[in-house]
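So this first bit is one chain, no partners, the form predicted alone, shown in structure tokens.
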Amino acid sequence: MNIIVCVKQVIDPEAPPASFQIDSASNKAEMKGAPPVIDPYGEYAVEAALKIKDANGGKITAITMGIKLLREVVKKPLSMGADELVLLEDESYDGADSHSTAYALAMATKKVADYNLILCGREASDTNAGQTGSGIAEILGLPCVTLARKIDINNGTARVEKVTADGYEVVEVTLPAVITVSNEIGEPRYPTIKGIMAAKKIDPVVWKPSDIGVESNQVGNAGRKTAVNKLFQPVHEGKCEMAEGDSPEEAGANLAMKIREAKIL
């Protein structure tokens, strides 16, 4: 089994809101004082790949796209047990939407060539769009199963338990295919000291647009199919009014009157 896992370096979703800063001119979010991380759902996809490798053997290639990629961050799939890391790293990739991201990843997958399965997280924590995996499948002409909680491989077929609103359904798909992975797959394993040391010795392969056979105007901001009209942090305001009284009974009655006046009841 040769597996490709698509991961993404993102702003840490667990960081406090005060760490985020919105650039209204460029409609981009920046983080101050906290390092980026691998997207949590991307880690679930890596865990799914490792479980398949444990059961069937094979090779895992992680692919990520962006600019200013921190090696200590994007090498995490290697420290978890992946075998190779490909970085789509160039200024041309900046500002991508779901379409131009999926296109670049699909072209990189074609360059890898020898694969049986492509895994992605169900969505990225910075956009929550959940479109990239399906987009890769569409571009490559492959079947796609979303929201996987369990994947079993047997004789060129993937048996997938797909999460639904009220449980799960079982889907079988012929490989090669694209599968997006949900958190129900199980907690990602921690990198071991041995894995971290091994990852340090692996040099990632860096591909620019020309390396994957595309023009710069087909990826990143130039290749977008959507536009962000406005990116902003919502303002949350609260108002507190006390219901007082000389006794608990009177305070309760006053509270009831205020609730009725506010038409809550």
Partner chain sequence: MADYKGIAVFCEVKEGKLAPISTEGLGIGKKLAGDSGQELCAIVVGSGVAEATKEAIAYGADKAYVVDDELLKTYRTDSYVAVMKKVIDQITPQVLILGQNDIGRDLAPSLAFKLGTTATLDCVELAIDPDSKRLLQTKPIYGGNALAVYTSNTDPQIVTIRTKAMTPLAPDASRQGEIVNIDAGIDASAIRTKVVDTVVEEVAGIKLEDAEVVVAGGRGMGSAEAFAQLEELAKLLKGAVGASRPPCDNGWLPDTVQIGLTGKIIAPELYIAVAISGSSQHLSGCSGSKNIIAINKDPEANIFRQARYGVVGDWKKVLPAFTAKIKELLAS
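Just so we're on the same page, rigid core means the largest C-alpha set that superposes within 1.5 Å between forms. Numbering follows the first chain given and starts at 1. What you see is a predicted model; the values in this text were computed from it and never measured.
Missing here is the form predicted together with the partner chain; even so, the following discussion is about that form.
Visitor: Would you kindly say which of Val74, Val173, Met107, Ile153 lies with a heavy atom within 4.5 Å of the partner chain in the predicted bound form?
Guide: By the 4.5 Å heavy-atom cutoff, the listed residue in contact is Val173.
Visitor: Looking in the predicted bound form, any heavy atom of Met242 within 4.5 Å of the partner chain?
Guide: Yes, contact at 4.5 Å.
Visitor: Taking the partner chain as it sits in the predicted bound form, is Glu187 near enough to touch it, meaning that at least one heavy atom pair lies within 4.5 angstroms?
Guide: Although the partner chain is absent here, Glu187 would touch it in the predicted bound form, with heavy atoms inside 4.5 Å.
Visitor: Classify Leu88 as contacting or not contacting the partner chain in the predicted bound form by the rule of any non-hydrogen atom within 4.5 angstroms, answering yes or no.
Guide: So Leu88 does not count as contacting the partner chain.
Visitor: Thr226: heavy atom within 4.5 Å of the partner chain in the predicted bound form?
Guide: Flag for Thr226 set to yes.
Visitor: Quick one: find which of 110 to 118, 75 to 83, 191 to 199, 165 to 173 has residues within 4.5 Å of the partner chain in the predicted bound form by heavy atom distance.
Guide: Looking at the other structure, the answer is 165 to 173.
Visitor: If you look in the predicted bound form, which residues in 119 to 149 sit within 4.5 Å of the partner chain (heavy atoms)?
Guide: Stretch hits, in order: Arg122, Glu123, Ser125, Asp126, Thr127, Asn128, Ala129, Gly130, Gln131, Ser134, Gly135, Glu138, Ile139, Gly141, Leu142, Pro143, Cys144, Val145, Thr146, Leu147, Arg149.
Visitor: Rigid core fitted, is the C-alpha displacement of Asp12 between the shown form and the other one 2 Å or more?
Guide: No.
Visitor: Answer yes if the CA of Lys201 moves 2 Å or more between the shown form and the other one after aligning the rigid core, and no otherwise.
Guide: It does not reach a 2 Å shift.
Visitor: Verify the C-alpha shift of Asp54 between the shown form and the other one: is it 2 Å or more after superposing the core?
Guide: No, because once the rigid core is superposed, the C-alpha of Asp54 moves less than 2 Å between the shown form and the other one.
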